[in-house]
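First come two forms of one protein chain, each written alone as structure tokens, so that there is a structure 1 and a structure 2.
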Structure 1
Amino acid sequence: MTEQKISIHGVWGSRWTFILAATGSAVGLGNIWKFPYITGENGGGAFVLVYLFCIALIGIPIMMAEVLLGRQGRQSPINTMRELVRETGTHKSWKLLGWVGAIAGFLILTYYSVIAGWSLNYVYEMGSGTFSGKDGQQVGSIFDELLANPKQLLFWHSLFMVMVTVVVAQGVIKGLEKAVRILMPLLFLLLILLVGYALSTDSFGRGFAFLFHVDFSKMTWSAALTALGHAFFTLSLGMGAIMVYGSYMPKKASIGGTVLMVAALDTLVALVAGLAIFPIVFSNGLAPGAGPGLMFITLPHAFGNMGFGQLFGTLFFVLVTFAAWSSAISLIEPAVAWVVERFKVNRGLATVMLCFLAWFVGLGTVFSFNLWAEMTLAGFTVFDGLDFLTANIMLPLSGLFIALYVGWVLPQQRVKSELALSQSVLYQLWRFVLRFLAPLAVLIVFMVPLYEKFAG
């Protein structure tokens, strides 16, 4: 009986714990590091608008579907899909969904940890006052020096991976709730402080306009694909993280409201980060399209030139590291939960093995910025390639299939039994989006850039 299923990995204390954990997963480097830099690379306003559409029209409905699947299965995503396929007699190939997700999460972790390592390095640099009084150029070269130094990158990457291993080995449910409850609001406060600083520069208006002035002439199909992929990435969709957290969610908690809350918080953090970063970019004559270093150049510069900057700056990077930590945990959790179920090994062993493997594969990203920087395939370094493969291909594809599975394949009573609003207009709307709109939108955004690439 589905009603009686509970997960062997535990159940959240309440709906709030789920909200906190899912927000912990969603809010991470994607919001503070990736969103601003891809917005900068893709021309600003129009890109932001497309991204917001993707969140609202595709991301939120698919997130509901993913939570629903997790709560139906109450196991790791791989076994949840296997169970559902068995119980409902649907085609075997749907089991692939769980697999693609777990592999995508694992691959993302391999490079996510390297970037989180940058953030750890900045805790140290901020704390030792490296940026005090430095101009934009100097802050930029400090960043370049970091990237050019594989030993240093390796050290911080390893440290971060150890941090992830320690938490996941003990079980996700314990520490996470407390950490998220305190640290997320603090991070948000510091971002607001940075917006305050941005307001004091002479370029707040320009930064604001860059983010919100919509000019579609700057938009391309490949930018739309990046926006779509990022909507999945930032909401932690399409790789089982939300499904596995959903599987720990109490039966009575409402899915729709919960998901809306998580998505709204996530989007808010990204926009506030953008508002903090772009005015600083323009007031220092930096290029918005500077790439992955954007946050690591602009913000240290701001901290280096404000009162108590050393203190706030250190705290800021501590909090960014925490946000990355709570996301990284959810990247590996689906794989760990599966190894525990499948091989009946204990959680500690499963975690150490998988994290070690992820650390090892992560070396490819470490070297992407120095020793292997020239080693590219179709213009991609290892890091670029992994980022593109996971965020722009695997996540949207698996999201598409989640929508199709819940919209078309999963028996209706199961879907209805999970949602409180099964008679209402909202339910009809959600179902329509899941069956038609989301799949179509993903397909179009997905196919056109590929078509352009290969036909043009």
Structure 2
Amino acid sequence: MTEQKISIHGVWGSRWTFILAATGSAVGLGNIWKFPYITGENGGGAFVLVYLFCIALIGIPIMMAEVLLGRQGRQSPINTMRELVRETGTHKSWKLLGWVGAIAGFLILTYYSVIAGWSLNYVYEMGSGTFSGKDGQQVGSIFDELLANPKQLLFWHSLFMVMVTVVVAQGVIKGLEKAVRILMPLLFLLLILLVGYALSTDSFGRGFAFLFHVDFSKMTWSAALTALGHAFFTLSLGMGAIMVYGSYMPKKASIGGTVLMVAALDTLVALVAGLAIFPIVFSNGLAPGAGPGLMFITLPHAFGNMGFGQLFGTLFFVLVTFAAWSSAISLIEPAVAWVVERFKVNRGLATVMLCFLAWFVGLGTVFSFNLWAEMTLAGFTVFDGLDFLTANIMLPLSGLFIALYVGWVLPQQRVKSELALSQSVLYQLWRFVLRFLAPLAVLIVFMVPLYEKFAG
């Protein structure tokens, strides 16, 4: 009976559409902003190699499990878990898995939109020549002034949320599918253009060597844990997005092969972004381990002092905005799908209501950088608290429970029928990793930040 389920929201037109959509969900600020700077902070090539190993160990097995759950249920994550619990007779507490993912995705969007608004602002600033000829201190001051101005942050946060609302309100086929079919090819094209620009610098070889030369003497346990954590978060695991996208996946599409393609494209974007960024950083004599300021201070400084920097700097921030946009639409989709299913309301109305709520909650993040900067609870601003709650608690727990539910609780015949793995060795290997190695890895991702925060 479960094989006959059809999502009321629609089905992706093809396997490749799902690949583009899931890659769009996975490719975001984490690939273009966070991956380059944590690579810079942790020694380059050796870190990349450990990161790739962690993608194989934790990312791919759990992503396969999350897609599998979505295609089994063909509903929002909340209703998918409710139906699976009912059909399989498993404990009712497993229904919470759908709620945790959907709520986490919604909460992430509330502050993700604010940060994405920074990139929108930088498209304007870079295009108007604001950074031309500016030194690092001046560029840093421009960024500080942006954060200190609540009206500016509110404007860009609002504009980005309108962009998200317009896409999601139009539905799976006319909205999400059409958006990813346009955004993802443009994103790849912009990346290629930026790498071409990086090739014209005198430091491309140095940037390439930094990214791919493996020197394990530069690796530390802390760097390995950072690689493990980023491997989990980069694929959008545990936030309901991949599960709901899986519910729109055609039945004939191979879950294993499709997830491998998504993971490969997501990783490729991160590596190519590094190839675009590090030569520009090195050619300006700047530090590759510049931390979070790499994208909003170091790179604008570099682009502002290079030939054709204004043009390619603008293209870079358009790229960042596209990546953030494709991720953001997936963050709100699980909640929108549930509201449509639960209250039988028009999708447009559900989207407007939820996006307005996300915008409103996002005001806390807007003010965390200025008016409410001194208002903290246990040392957390609103932004810090939301980020810590979702990234360090909700997402790892959701990923852990996905692995445990599919690996230990969901009947094997359902799992095998969805995966359709003809080679039993591959199935046994995946199941072993999902049942033992992946949960252990996620527990490490979960426990270490909590220990460092409260006991370190």
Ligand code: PHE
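Under this definition, the rigid core comprises the largest set of C-alpha atoms superposing within 1.5 Å between the forms. All values reported here derive from a predicted model rather than from experimental measurement. Sequence positions of structure 1, starting at 1, serve as the residue numbers.
Here, the chain labelled structure 2 is taken from the form predicted alone. When two forms of a protein are overlaid on their rigid core, residues whose CA moves 2 Å or more are considered shifted, and Y112 is not one of them between structure 1 and structure 2.
A displacement of less than 2 angstroms separates the C-alpha positions of T321 between structure 1 and structure 2, with the rigid core held in common.
Once both forms are fitted on their core, a CA shift of 2 Å or more is seen for H213 between structure 1 and structure 2.
Here the two forms are laid over each other by their core, and the C-alpha of L228 is off by 4.8 Å between structure 1 and structure 2.
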